[in-house]
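Same protein, same chain, two forms; see structure 1 and structure 2 below, as structure tokens.
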Structure 1
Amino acid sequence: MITLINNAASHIDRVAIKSNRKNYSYLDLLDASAKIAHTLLAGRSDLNEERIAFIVDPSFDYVSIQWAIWRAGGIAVPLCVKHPYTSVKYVIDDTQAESLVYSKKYADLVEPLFAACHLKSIPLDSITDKTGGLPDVSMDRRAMIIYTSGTTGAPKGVVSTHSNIEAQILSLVTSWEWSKEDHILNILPLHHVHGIVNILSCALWSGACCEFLVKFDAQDVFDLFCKKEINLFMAVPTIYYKLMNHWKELPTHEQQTISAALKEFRLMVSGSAALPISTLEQWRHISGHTLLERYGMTEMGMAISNPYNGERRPGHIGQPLNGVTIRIADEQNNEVSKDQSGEIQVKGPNIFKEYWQKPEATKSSFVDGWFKTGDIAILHDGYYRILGRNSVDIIKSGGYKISALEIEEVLRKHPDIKDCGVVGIPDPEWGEIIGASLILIKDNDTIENLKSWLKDKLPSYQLPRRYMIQDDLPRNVMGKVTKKELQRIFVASDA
């Protein structure tokens, strides 16, 4: 039995989801998800880990479909609503999804998939009121596949079981003292753990209310805050930066109203990327809250967090969460002594099961049972602090993890581009923005052409924002591109 869904019976009449200005109770969620589960089963007794992809806006429908897949014994594959066709098709092909559930809004995007792939079409509005039994789903079943970019190859599907997800939820609901009285705003994409686990699933585990806003807009967020129903907020640093900038532009009386509403919140959390101390301080000025910064990853949910009660130290990510064990290891995977930096390695029931159908990649991401995060940190005075990553080819922009190598591969397909190098350039708003240096075969308006050429090949958050044309990329004596030097050139050209 899936505990998260089982728990709903204790909160039947409470509001589970608020979306499109409507309230949906836990009973509504159980009813809607049972209906969809029967449609997915189509007479079978169990989906037996068939992959079911779905693409709908963050909404009551999203949660009903997610729960339906789980209740029918399938693996949920949430698709990114901002992805172009090629990225969506990659996920469908890689997971060999059996079916795709979609709302009308995404019909044009997904229609060609049904001719190109062996995939059953399930338009959301075709779901009828079928009834029947549902399988008994054990907690060790695979529950979800989320795609993440790495330093090698194409994006990998991170497979988590129901037990993994439960461990990820439990460590947060206990550490951050979630209760059924909580009401959280969810403005994050629902194909990543921040939006799915930390916000949505923790709320539903607790009998609390999760309210969706389909598109981030600073004024809309403040308008909702000023209704004084929402008492919890979790977001990436870019969102806090954008909210702050918007607040600064408002007339004084509006600033005061917003600040007064913010002060009444129980908790505000930042994560998915480093929180600049300047953002933390300015947000404290506006809201009266010291943001709680925590650290996590698709493969493990959250691992390290500043305390809910106790000192939240700026520039630090805190201590291991309940149930999570951390060590800092050197390049030979030996634990380093205190006050020395090294890679964060993690053990615990929260750690994912495998990369989907990539046994070699799974194997090489563990050493002696420790998951190798690739993040470099130091433990100082009882608090962990992130120093960077062991690869310059991973970029974090707006909280999204982006592979420089994947973007380079796309750029090299352009007929005018001989070679290229992609790097992250530090940016106060986005954390990093993507810079692309191009070596051209011929220069005829390439950059303007390139921008429109890229539009259906990469999602907006993966598009380079800065371009530079070079005769050759910076290289070391072995001829290898030196990305750090390329980063430096971009930064210097900005000064």
Structure 2
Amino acid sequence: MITLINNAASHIDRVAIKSNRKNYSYLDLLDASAKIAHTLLAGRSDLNEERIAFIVDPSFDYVSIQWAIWRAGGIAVPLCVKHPYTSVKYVIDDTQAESLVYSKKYADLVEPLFAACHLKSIPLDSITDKTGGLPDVSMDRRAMIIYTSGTTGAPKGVVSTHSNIEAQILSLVTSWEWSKEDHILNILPLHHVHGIVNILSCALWSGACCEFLVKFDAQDVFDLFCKKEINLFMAVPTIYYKLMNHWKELPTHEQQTISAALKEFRLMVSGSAALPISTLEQWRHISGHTLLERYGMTEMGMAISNPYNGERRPGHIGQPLNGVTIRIADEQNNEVSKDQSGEIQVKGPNIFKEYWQKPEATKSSFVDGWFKTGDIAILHDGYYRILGRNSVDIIKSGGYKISALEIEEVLRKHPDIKDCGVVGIPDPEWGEIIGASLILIKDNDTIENLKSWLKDKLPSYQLPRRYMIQDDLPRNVMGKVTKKELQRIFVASDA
């Protein structure tokens, strides 16, 4: 049986979900998901791992559909509400989904799919109040397919079993000390493990409350915080940056009210992208909290985290989470000694089962049972520190391996730089040269002045050779800079 759902019976009367200004209990969630499960089964006894896609806003309906798919024996395929039709169709085609559950808001977007694909249409408002038995779903069954961002080709469907998801939840519930008294705000996309597992599933496993805010608005977030019901918050660095900027624009008395409310939180986490140290320090000034940085991937959930109790070291991702084993390996997949850089490789029950219908890609992602993350890090004094991703953040120039993230951290210390992105640009002489895209706070600085400023802060081989000024960096829906797209922009500007 699916432990996450069975746990709900221990919390029947507690509030599970707050969305659209309504409270929903664990009993409401069990009842709603059972009703949808029977509609999906349509008289069958078991979906037997049929893929069921769904597209609704983050809400009680989202959770009910996700649980319904699992309770009926299907594989949940959450679709991104911000993706265009072509991206949605790619996922439908690739998974060969049997059915698509959708809310009225997305009816126009998905309507062409039913003519183009062998796909059953299930509008959310068509769910009927059917009853009957539900299958006994084993934990080793496939439970969910989430698509990667596709930075190295077409997006791949990451398949996780119920056991994988449970292991991911347990490592966080144990390491971050979740309890039924917790109340967390979820403003993240629900086609990504950050929103699905770290927030939603951990809360529901613990008997806690998950509150949804469909559309991010800094003032709305602060208004909710000031009610003093929420005691956990997890977000990406871009969100913290937006919250800080809004706070700075408020009158002093409002700033003080918000800061007082933030100080009462139990935990605040940042992830899904590198957290600039400057952001960490500014947020600590506003909230009194040192953001807990952690590291994970779609393929494994979370694997490494700064400690809940203990030193949270800025610029570091921390230590292995409960139940997860980590090693740093060289290009020949041999474990390196401490203080040497290499690829993060991971073992544990949290690791995904496979890439959907891509056996060769699955096989090449493992070596001797270790999952190869493609991220380069170093272990120093008991803490791991990310140097970059080997495909986009490690620049190979003139025989040097250079961390783009380290250069970005230096650039962000310049008073006129709001944000930046550093990438390697193909070059026949050097292999790659360093390109820096800058988002400026004000335009009163020249590139020549910046070059002079950098000379005292970086060795010559780490100095950018190309600069570009942009209004904003290319980002995905999680706010993460898409380095491949940034590289393409640099290359195109040379053409």
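Computed from a predicted structure; not experimentally measured. For clarity, a rigid core is taken as the largest C-alpha set superposing within 1.5 Å between two forms. Numbering runs along the sequence of structure 1, starting at 1.
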Study note, to complete from the structure: Between structures 1 and 2, the form predicted together with malonyl-coenzyme A (MLC) is number 1
Point to revise | Hinge candidate matching the rigid-part switch between the two structures, set Pro474, Ala261, Ser391, Asp456 | key: Ser391
Study note, to complete from the structure: In degrees, the rigid-body rotation of the smaller part relative to the larger between the two structures is 148
Point to revise | Core superposition result - C-alpha of Met468, shift between the two structures, Å | key: 8.2
